[in-house]
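Take a look at this one chain, the form predicted alone, written out in structure tokens.
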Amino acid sequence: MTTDNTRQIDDCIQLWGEILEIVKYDLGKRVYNTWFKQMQFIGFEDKVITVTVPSNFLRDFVSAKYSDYLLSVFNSHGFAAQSIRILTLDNNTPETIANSDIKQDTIIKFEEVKTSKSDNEQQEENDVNRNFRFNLNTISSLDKKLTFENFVVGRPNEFAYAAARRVAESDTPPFNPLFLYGGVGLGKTHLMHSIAWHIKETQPQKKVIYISAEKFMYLFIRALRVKDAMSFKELFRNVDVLMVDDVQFIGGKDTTQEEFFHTFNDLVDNNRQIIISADKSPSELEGVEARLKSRLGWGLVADIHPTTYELRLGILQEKVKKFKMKIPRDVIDFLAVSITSNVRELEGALNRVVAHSTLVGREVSIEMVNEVLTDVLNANKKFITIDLIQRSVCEFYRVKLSDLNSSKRIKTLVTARQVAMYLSKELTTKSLPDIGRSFGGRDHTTVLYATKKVKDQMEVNQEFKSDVEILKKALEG
């Protein structure tokens, strides 16, 4: 084996994951999962690429239908392969495969592949290559509904919102990069789109690119395939604002990280704004090189916390305004208390309720919501504990958990404490003394008094009764 071949083997192993990503993107996830997901790269020697699949059926099908495509993908990465071997792994090890006899029908010659393309197929491939620069210039896709005006601000996201507005309104980067992180559906993408729209409206001369990390990686690999990496570099290193969403996706993608690292440095050196989002903080990103983590944490890191009842209620109220129908307040409260996972699921649940009411002609009620959203409510169901009850009640009445267990006698606090005790008795198997101890070491007689007080109040105050029932149904799921 030559030194050049050895270098190519190392390159191939490094790029194997990215080659599979190209296959997934080109052929679709269904085809990828069926025919390529279990494929393994074994080696590259004497201009022959060797891969394995788990069955003879897979071997024969891929050899017949996709061998020419696989060869083209490998060779577009600079591997001068003339053939590809597709073997059945079974119980063999890579060593036994390397020493085994190879059937001739599993070897497809590269020369045959080149001549097997029709003129139309070759013309189509050439057109794709020529249009590559055009495709790069149309990568940003922004949702017109995702603006600052449509973003509901609350305690969990107010810091990230303020940072996003500061970046959007500044002529020069106030901090670079701005790194937004938080769980799924909490508003990271909404804020990034909002920044882009604001800059486009107030500073239209600026070149702004918003792109997902997955698409960044795909376009980089595509640029390598069509031998036009310079177009890629020229585009991304000559923007005024680069926004990359879900950067955790490039974890473990060494080649893409290398390009992103150099793009990042070039933009920062030229005082261009970078905005990044991820599901974790820079230091917690898995599969990301230390030097890149360090740079991602250079500027301002703003986290978005899970939603509170108050924020979820505000989001629902804003969304309800856009519907031409009346939705009872107790239904909105019930949704805000019951669906705590993320904003997308919360808004999706409301959309389902409205659609069901509109199409079926049924009045919106808590009973109807329970039927329509059975799957969502079950997914948000929790194991009921006194601690969960206390936190839910505190969130609902907007009081601190520490105050709930204190000796303070403020009216709102007393009401919240008594409701929490009542629900603890109704929804858990804990004894009265156990419940009392969970509320700052109170006596069991205090718990009895609280539960009686709540029951009496529910009989004479319909609004109070509705609040307690909403909390109870939300906790029960």
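These numbers were taken from a predicted model, which means no experiment stands behind them. Numbering starts at 1 and follows the sequence shown.
This protein has a second form, the form predicted together with a small molecule, left out of what is shown; the following refers to that one.
> For the chain seen here without its partner, which of 329 to 337, 256 to 264, 314 to 322, 284 to 292 has a heavy atom within 4.5 Å of the small molecule in the predicted bound form?
Careful reading of the contacts points to 314 to 322.
> Counting only non-hydrogen atoms and a 4.5 angstroms cut-off, does Arg344 reach the small molecule in the predicted bound form?
Residue-level check for Arg344: yes, a contact with the small molecule.
> Even though the partner isn't displayed, in the predicted bound form is Leu186 close enough to the small molecule, meaning a heavy atom within 4.5 Å?
Result yes; Leu186 sits at the interface with the small molecule in the predicted bound form.
> Can you work out whether Phe151 and the small molecule are in contact in the predicted bound form, taking contact to mean some heavy atom pair no more than 4.5 Å apart?
Looking in the predicted bound form, residue contacts with the small molecule include Phe151, since a heavy atom lies within 4.5 Å.
> For Leu146, is any heavy atom within 4.5 Å of the small molecule in the predicted bound form, or not?
Leu146: yes, in contact with the small molecule in the predicted bound form.
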